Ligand code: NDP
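Below sits a lone chain in structure tokens, taken as the form predicted on its own.
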């Protein structure tokens, strides 16, 4: 945060501030415990754009009446390997936490199982949905569709959301492999954070008002048009996530924004799908060895690193030293913490 006045907060202070703000916005104890922990982990590991900066968005979703602050999701088993939830218009992570033990049990029973959720919201990094499954020894893949802001390759208007995905896998003797990424060139909150901090993006991430690629975050926010990563390849992934997320789960398509617009919210009630695989039920008894081998081929290979492992350095540093928060943001958050 070069050139920006900052204050250091411990991770415990981050968690406490998040709980206070969510509570003032009307969220019940169970829900705010879940979301405050996600905010803490986001500040700890990254992406920090999904941490404290997300709290005003969470609060607005409740105070506007868009999201249910006291959601009580219902989880049903639809088939031997299919678990589904109605999120009761709350945040997905509340339903996912309720379903996690059953999903793990089903994956161990069948070799593979899936959990989907509709009528719910998701505004955090997906890695926090997949990492617990990898810690339980499972391979996990998660997708969620989001508010339409991504223009398909060659298109002139947004169709897809930033549509993130996450993968996690156990790793012998180490923390799991865990990564997440958007189908967009850059996540919306990273654009917002760059605009707030007064710097350009490192590479073109969206279109300006004349339809030209730009690194100017303010121009991208004005056009509301992000680029997919990898051109046509990113468009294909965004389409996959639209189908695997919204269509399978029964969530809202990214282009269907009327309810969101009525409440001035940042997200839509999309669809989430989480797939869990038990490698012990598959034919290769040396699965763990294969994972170790491919990781060894990446480590020490020039400047390459295992995708997602940057979070481990962030985790160690922030746990020891706290996190730097812009004084301007902190003042805004303290105001939210005092209101209610």
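A quick note: this is a predicted structure, and the numbers were derived from the prediction, not measured. Numbering follows the first chain given and starts at 1.
Absent from the display: the form predicted in complex with this ligand. The rest refers to it.
Figure note: of the listed segments 103-111, 76-84, 126-134, 202-210, the one touching this ligand in the predicted complex, with heavy atoms no more than 4.5 Å away, is 126-134. Judged against this ligand in the predicted complex with a 4.5 angstroms heavy atom cut-off, the residues 171, 283 and 295 are out of contact without exception. Interface membership of residue 50, defined by any non-hydrogen atom within 4.5 Å of this ligand in the predicted complex, is confirmed. With a 4.5 Å cutoff on heavy atoms, residue 181 counts as touching this ligand in the predicted complex. Although the partner is absent here, residue 279 sits far enough away that none of its heavy atoms falls within 4.5 Å of this ligand in the predicted complex. In the predicted complex, this ligand lies farther than 4.5 Å from every heavy atom of residue 26. Proximity to this ligand in the predicted complex, defined as a heavy atom within 4.5 Å, holds among 253, 244, 187, 194 only for 187.
Taking this ligand as it sits in the predicted complex, the stretch 154-174 comes within 4.5 angstroms of it through a non-hydrogen atom at 162, 164.
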